[in-house]
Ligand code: C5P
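Quick setup: one chain, the form predicted on its own, written in structure tokens, and binding and motion questions come after.
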């Protein structure tokens, strides 16, 4: 545990990444603008983020042409909410959002709008683990399938021990300075935890939630619609 983990906690900043194209959904609009039971995926995600304990900065990273609340059916937003134009890659979008997080936030969470049904409890669990001293924290679920590694020709090269594997979700949480340092390296990764790992920092996995699945395909959207209808 680091010394600064014992300092008085400040605020929590949440960067919601919502700049994806939605191509795999077959949508004619950016993915986060797709409607789920009448509301955009971004609106569904933000609803849960707004209930996060200690939230003091919300940054929504969206396509440049849609950088305003009028495009998203979000309802009333807090004064600390801001819109930022995303980049061509996810890493660029997160970096843009991170730059807009206020310095009063000592914990920063990065969340994919496509995981629009992630319960607020997962956010609070991640924040608590960062507050307890972890450099980085990700929610994850045990992997139930047997996983194989393969070579370029498709031949199996190994079978990882399933008990050591986790399917990682968002929100991912970090001490502010740790995430800034990770992005300063200019590397690209599929998630922010990988960037932090490359700096030599350790990332803790806490319990995720099945509701935090990512809406990527039409089947995922239909699953989310069934869950919302049954809520």
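Just so it is clear, the structure is predicted and the values come from calculations on it, not from any experiment. Residue numbers count along the first chain shown, from 1.
If you look for the form predicted together with this ligand, you will not find it shown, but the lines that follow are about it.
Heavy atoms within 4.5 Å of this ligand in the model of the complex map, among the stretches 123-131, 143-151, 105-113, 73-81, onto 105-113 alone.
Using a 4.5 Å cutoff between non-hydrogen atoms, residue 156 does not count as a contact of this ligand in the model of the complex.
Contact annotation for residue 17: at least one heavy atom lies within 4.5 Å of this ligand in the model of the complex. For residue 10, no non-hydrogen atom is located within 4.5 Å of this ligand in the model of the complex, even though that partner is not displayed.
Heavy atoms of residue 218 never reach within 4.5 Å of this ligand in the model of the complex, leaving it off the interface.
Contact residues in stretch 78-106 (any heavy atom within 4.5 Å of this ligand, taken in the model of the complex) are 87, 88, 89, 90, 93.
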